[in-house]
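Have a look below at one chain only, the form predicted on its own, in structure tokens format.
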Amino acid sequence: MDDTGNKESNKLKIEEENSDIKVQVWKYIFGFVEMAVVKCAIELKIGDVIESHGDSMTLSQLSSSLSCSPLLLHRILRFLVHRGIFKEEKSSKSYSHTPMSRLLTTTGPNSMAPIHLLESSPVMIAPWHNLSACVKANGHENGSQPFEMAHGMDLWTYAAANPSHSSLLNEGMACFARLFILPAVLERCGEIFDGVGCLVDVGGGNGTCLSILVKACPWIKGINFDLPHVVSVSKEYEGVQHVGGDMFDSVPKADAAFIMEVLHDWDDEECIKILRNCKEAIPEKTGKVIIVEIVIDEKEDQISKYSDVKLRMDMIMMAHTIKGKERTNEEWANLLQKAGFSYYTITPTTTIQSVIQAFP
């Protein structure tokens, strides 16, 4: 091949690479579209209707059942089918479930809909528009944070003043824990609950998580501890006592304290205060604090399938909390040492969280 041919070949290669890069950038530009259309499908209850029907459904059947425009519904389904969320039967021109769409029904036992509805809600979306302003103002160091800039108060104050959002928040967190965190914790580290007669779940939300633990470990008496406005509307569970209070003041006495996906919401000083209160609540010789949180390992996470999820979670902490963040092993060690624990262990699970056991 002569020089002209080589130059033309290199030119075509560069153009193809540039085209691929542009496609990737387009995905970032329109990244919100997937979230919005999936939310639309959940709110329309497309998956629920197909599930109730028990078989695939034609566009006409779906639009009739959902009382919506067949033309607009077709465009929604075309988008979702293209992403593998629903399946289109070309021969019968009907739509059916895929493993992904089953996770987006609103009533199924494995539904992820509560998480999606929480994160795609206007309340949780608004703070993202303030992220750059927060960074330019040195963010949390100067007291400005995206959620407060959007709503005039922090997330927890907003939830206390808005029961509907409080319910959405607690349902979303309970769903996340029920589907992903607790199964992984019990599978990999179930023995950590052996010999624990009384367990206090600090910041336990509506008690869903603790009820699962008590059911899996029936020898445990559970205390679900959260703010009064949270536990006052919580469902009653066998083996679980709801207690209202403030973890920054004190924690109910128990054999062990369990604190899951709570500490990442707070800065170091606040975490140390919470951990000290947990430490005071448990027996000095036999007690322990069981922490379930993300541990970022920047070297290991380069090859982990969960690395991107962990970093996304860190961005969520930046947008939705005052000084929250996901922490590295070294940062956890610093917190636990300053809180007065003598030693700790970290055990990774099969999901994005690790189990940290801290001993007085």
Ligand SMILES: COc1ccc(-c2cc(=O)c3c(O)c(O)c(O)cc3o2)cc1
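As the structure is a computational prediction, the values presented were derived from the model and not from experiment. Note that residue numbering follows the sequence shown and begins at 1.
The form predicted in complex with this ligand is left out here; the points below concern that form.
Participant: Would this ligand in the model of the complex be within 4.5 angstroms of a non-hydrogen atom of every residue among Glu119, Phe176 and Ile181?
Facilitator: Each of the three qualifies.
Participant: Only one of 47-55, 315-323, 24-32, 328-336 has heavy atoms within 4.5 Å of this ligand in the model of the complex; I'd like to know which.
Facilitator: Heavy-atom contact with the partner occurs in 315-323.
Participant: His264 versus this ligand, in the model of the complex: is there a non-hydrogen atom within 4.5 Å?
Facilitator: Answer yes; at least one heavy atom of His264 falls within 4.5 Å of this ligand in the model of the complex.
Participant: Looking in the model of the complex, any heavy atom of Ala113 within 4.5 Å of this ligand?
Facilitator: The answer is no: Ala113 has no heavy atom within 4.5 Å of this ligand.
Participant: Would Thr351 show up as a contact with this ligand in the model of the complex if we use heavy atoms at 4.5 Å?
Facilitator: Looking in the model of the complex, residue contacts with this ligand include Thr351, since a heavy atom lies within 4.5 Å.
Participant: Answer for Ile282 alone: is it within 4.5 Å of this ligand in the model of the complex, judged on heavy atom distances?
Facilitator: Contact check for Ile282: no, nothing within 4.5 Å of this ligand in the model of the complex.
Participant: Considering this ligand in the model of the complex, which of Ile212, Leu168, Leu155, Leu199 comes within 4.5 Å of it through any heavy atom?
Facilitator: Result of the distance check: Leu155.
Participant: May I ask you to choose, among Ala254, Leu77, Ile272, Met124, the residue with a heavy atom within 4.5 Å of this ligand in the model of the complex?
Facilitator: If I apply the 4.5 Å criterion carefully, the residue I get is Met124.
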